[in-house]
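The chain below stands alone and is given as structure tokens, in the form predicted on its own.
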């Protein structure tokens, strides 16, 4: 029997059919949905006004001007849309809710209309003709609701003939709202915890050390091998930076166990850092370069302090996007690391290389109780790369899974790879304030999972993103699945690794 949600939902879960259908347009169906607004202390802790400033319209419009002046890409995105409709049915939130404001083009227009009003000639003199609008309280309210109904997954940009990136538009709108004192509680509170203690959970060093010590005992009891989970060890070869979810909850912690087993069997010395015990960087979600930089700099500081040779990132989607695309710009140069290795590396790359070198002993039959599919996390699939070949971010995780289990099956082709559907909880939306949105936004992925379950009797879905794992753990029961059907890729690896008693 599938587990039921913890409490009866106050909304209807979408019904899965034989295939994903484009819903009927239902204006205003998600107009009630919005996250909690951050309190003054939360905003101020990360450099924003505590409350809505008195001259907020003026400040917001000025900030918008600064953003388009500083980003040629943003200006192009706001200027180039021709309303062709290619993106209208590509957003998982529109497919799950039917709200027209969740069509990417309509969501963009909430910002584009204000941009046209103040920064185009036609918008200044003929506003109605070009759809230009003032930023009044009603518009600000729509911004807050619908720019927090975008997970910044960038699926729409794959299908846009002009490459317009709604994620960039959403990040700009959120940064403007933070600048005037209307920030989102979930993201801003998490960023503040990282600045203060180094991780999203606010775990102090003693609690982290105690958690890792307990993990060592659990693993030794399980496999009769002393696998270490070291913390703040100077001179280690590798500093692992992983999402803090890996320290306390399933299926995340099973992935951390897998990392430790890989390093142990390969004989690679490694350590975690209490100063930078968080891979995730929520500064990306709110479009704040300053906050992104502060989080990234902690990683540089920790690597220098510990004297490591490599920085390796764990299974977290947007953490890898920030690391792969921006880490050197935000906190570089990293010329003090070993030049033989890329900066940074993903744990999948490390494990894949070790497998190719024959340094890991695996028994795939250890996972014969599982029939596995793989969820391409959006920030990995569409905003990064792994290995030395184009598309490695799509092939390497599958290679690692196939080396660790005998039964692997991909979901339908149009739902994976570059066209993967978001889990529904990314982009800073993984909060119960937005549970209805998260459940409905998960519909396309749940449909694809249902298809592969019916065709190939798939029992588990693996992922390499902490947000995806947390999201699916929550929403799977709404669609009749078990919450533990979502697993870490390195859980499969860890379970397949073969150890001798003297290892």
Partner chain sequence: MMSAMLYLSLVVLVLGVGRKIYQYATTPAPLKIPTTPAPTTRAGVVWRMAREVVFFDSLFKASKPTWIFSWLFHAGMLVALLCHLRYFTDPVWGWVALLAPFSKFAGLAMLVGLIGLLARRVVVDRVRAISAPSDFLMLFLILGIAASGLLMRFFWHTDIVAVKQFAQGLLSFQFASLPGSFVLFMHLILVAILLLIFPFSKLLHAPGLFFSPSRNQVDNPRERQHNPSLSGHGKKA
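Residue numbers count along the first chain shown, from 1. Note that the coordinates shown come from a computational prediction; the quantities given were computed from them, not determined experimentally.
Here the subject shifts to the form predicted in complex with its partner chain, a form of this protein not shown in this document.
S.K.: At the 4.5 Å heavy atom threshold, is residue 136 in contact with its partner chain in the predicted bound form?
M.R.: No, residue 136 is distant from the partner.
S.K.: Could you confirm whether residue 390 comes within 4.5 Å of its partner chain in the predicted bound form, counting heavy atoms only?
M.R.: Output for residue 390 is yes: heavy atoms within 4.5 Å of its partner chain.
S.K.: Heavy atom to heavy atom, is residue 314 within 4.5 Å of its partner chain in the predicted bound form?
M.R.: No, residue 314 stays farther than 4.5 Å from its partner chain in the predicted bound form.
S.K.: Is there a heavy atom of residue 84 lying 4.5 Å or less from a heavy atom of its partner chain in the predicted bound form?
M.R.: Yes.
S.K.: May I ask whether 297, 343 and 394 all come within 4.5 angstroms of its partner chain in the predicted bound form, judged by heavy atoms?
M.R.: Yes, because 297, 343 and 394 each have a heavy atom that approaches its partner chain to within 4.5 Å in the predicted bound form.
S.K.: Which is the contacting stretch out of 177-185, 99-107, 365-373, 141-149, given heavy atoms within 4.5 Å of its partner chain in the predicted bound form?
M.R.: Of the stretches listed, the one contacting the partner is 99-107.
S.K.: So which of 383, 173, 276, 114 gets a non-hydrogen atom within 4.5 Å of its partner chain in the predicted bound form?
M.R.: Contact with its partner chain in the predicted bound form is made by 383 alone.
S.K.: Heavy atom within 4.5 Å of its partner chain in the predicted bound form: which of 271, 265, 88, 415?
M.R.: After the contact test, the surviving option is 88.
S.K.: Of 132-159, which residues get within 4.5 Å of its partner chain in the predicted bound form if you count heavy atoms?
M.R.: Counting only heavy atoms within 4.5 Å of its partner chain in the predicted bound form, the contacting residues of 132-159 are 154, 157, 158, 159.
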